[in-house]
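So this first bit is one chain, no partners, the form predicted on its own, shown in structure tokens.
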Amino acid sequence: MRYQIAAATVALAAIGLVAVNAPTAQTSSTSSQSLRVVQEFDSIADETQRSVALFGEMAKVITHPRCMNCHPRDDTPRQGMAMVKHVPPVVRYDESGFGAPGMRCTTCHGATNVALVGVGGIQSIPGHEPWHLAPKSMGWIGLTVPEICAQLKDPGRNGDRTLADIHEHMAEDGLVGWGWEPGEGREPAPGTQAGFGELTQAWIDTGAHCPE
């Protein structure tokens, strides 16, 4: 049992964990950013400009490490606020993003977060059912906000999702929601999932325009 916990300390220094020798993130009860509510954009008379501004607010969540760490453009998940490569090395393996045989995501990540006390500086192991990477076609790391926006709307790269599907994913998906409940030792995504969903719907309602 002691060996398994020690192994998990290393193997589960995964997406969002406070890794040994890495800067300590804020706890899950705080965030470095907040989200503006939809009504704060009503003063922008031009609908296209309002849509662009709404996506800019959404980008606070999309570009936060809680999201970006799960959306690499290569085959390696990232971890922590510094978005360093997963330790130990793991790979996407296939488009499902659940990892290679013998080193599946579920080898270490369970259905819920697990708190740890005094184990190598790591305060908790992230968990959710399911736990996996986003498809490679939806990799965001290294892209600009306009590029992410264009990719998000492209059915050829977003899993053939409609704008309604995108809203459902943003507003209701449990793995997305984990970003606001990431466990001890991790900074949550800005705002709330409900607020993020409202911004997403307002962006869609105003034409789903992207920044240039």
Partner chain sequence: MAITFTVNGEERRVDVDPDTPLLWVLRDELRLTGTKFGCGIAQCGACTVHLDGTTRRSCVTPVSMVEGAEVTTIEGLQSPEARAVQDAWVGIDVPQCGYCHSGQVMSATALLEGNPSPSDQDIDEAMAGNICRCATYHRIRQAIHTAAKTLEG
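Residue numbers count along the first chain shown, from 1. None of the values given here were measured: they were computed from a predicted structure.
Not on display, but discussed next: the form predicted together with the partner chain.
Proximity to the partner chain in the predicted complex, defined as a heavy atom within 4.5 Å, singles out one entry of L116, A134, I141, M81, which is L116. The partner chain in the predicted complex comes within 4.5 Å of a heavy atom belonging to P88. Interface residue remark: R73 is not counted as part of the site for the partner chain in the predicted complex, having no heavy atom within 4.5 Å.
In the predicted complex, the partner chain sits within 4.5 Å of a heavy atom of G110.
The closest heavy atom approach of T106 to the partner chain in the predicted complex falls within 4.5 Å.
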